[in-house]
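Listed next as structure tokens is one chain, alone, in the form predicted on its own.
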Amino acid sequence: MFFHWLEKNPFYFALMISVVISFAGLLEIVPNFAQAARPLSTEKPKTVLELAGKNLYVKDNCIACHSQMIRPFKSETDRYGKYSLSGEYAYDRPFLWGSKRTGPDLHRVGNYRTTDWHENHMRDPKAMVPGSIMPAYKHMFTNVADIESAYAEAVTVKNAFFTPYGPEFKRTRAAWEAHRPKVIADAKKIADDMKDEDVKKAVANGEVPEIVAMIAYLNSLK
């Protein structure tokens, strides 16, 4: 009887069809969308050194000229590499997609630029890219990165957003002091590939120049 009634009332018949199609569409789309938004199996949270570099990236407003989102167009993938997937940003807070490309997209820059290239480029962009309008960031070679705040950020997102940092990440001074040698070891790996002797000496003395943290972050973008 209900179906006979629907056949005699075109408006309600069309409305019912729309409801059924919409419900079926949601059943098809929502699970895939939820899966795509989850972290990729290969994705890991940024290290403390990389987080410090990300904070510098924000502080020095690199996002004003560089995006971190490769769109699924051939012109984009030919130049920058594989298009970006939502699951790659699962641990990013905030997202640094950007909306302007005065400079190139950087989401895959770790795949084709080296530590040595970044060192020279940040010191003198025009020497590496003739005609570049990017300013030099010489201050990064002498300023010391705030890695303690980066550690505190890791602890915060672990507790607030269940970001999978290890059990050693705790909100205590002792936990930070225990983790600090790991950050210095990561910094030394970067500094060993650099030419600047003052940077090498600073890391050997337990300090992390901003340039080291920035390069660590850029190298992580793959």
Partner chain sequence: MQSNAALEYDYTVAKLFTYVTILFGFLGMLVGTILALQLAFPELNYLIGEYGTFSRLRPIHTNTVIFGFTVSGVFATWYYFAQRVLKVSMAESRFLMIMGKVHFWVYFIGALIATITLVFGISAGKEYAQYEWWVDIVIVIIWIMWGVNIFGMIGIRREKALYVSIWYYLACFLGIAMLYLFNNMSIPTYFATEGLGSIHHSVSMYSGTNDALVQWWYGHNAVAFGFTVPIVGMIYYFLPKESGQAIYSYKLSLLSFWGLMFVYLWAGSHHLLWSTVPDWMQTMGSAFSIVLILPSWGSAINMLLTMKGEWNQLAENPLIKFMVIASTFYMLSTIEGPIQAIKSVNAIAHFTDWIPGHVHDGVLGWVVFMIMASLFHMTPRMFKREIYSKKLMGIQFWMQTTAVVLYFTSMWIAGITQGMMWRAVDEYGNLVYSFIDTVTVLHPYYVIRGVSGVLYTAGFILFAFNIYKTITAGRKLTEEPQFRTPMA
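Quick caveat, the model's predicted, so the values are computed rather than measured. Here, rigid core means the biggest group of C-alpha atoms that superpose within 1.5 Å across both forms. Positions refer to the first chain, counted from 1.
The form predicted together with its partner chain exists for this protein as well; it is not shown, and the discussion that follows is about that form.
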Open item on the list: I'd like to know whether F141 contacts its partner chain in the predicted complex, with contact meaning heavy atoms within 4.5 angstroms.
Closed with: no
Task: 4.5 Å heavy atom contact, G206 to its partner chain in the predicted complex - done: no
Open item on the list: Contact with its partner chain in the predicted complex for W176, defined as at least one heavy atom pair within 4.5 Å: yes or no?
Closed with: yes
Open item on the list: Can you tell me whether V157 touches its partner chain? I mean in the predicted complex, with a 4.5 angstroms heavy atom cut-off.
Closed with: yes
TODO: Heavy atoms within 4.5 Å of its partner chain in the predicted complex is the criterion; list the residues of 96 to 125 that meet it.
DONE: W97, G98, S99, K100, R101, T102, G103, P104
TODO: Establish whether a shift of 2 Å or more occurs at the C-alpha of I17 between this form and the one not shown, with the two forms superposed on the rigid core.
DONE: yes
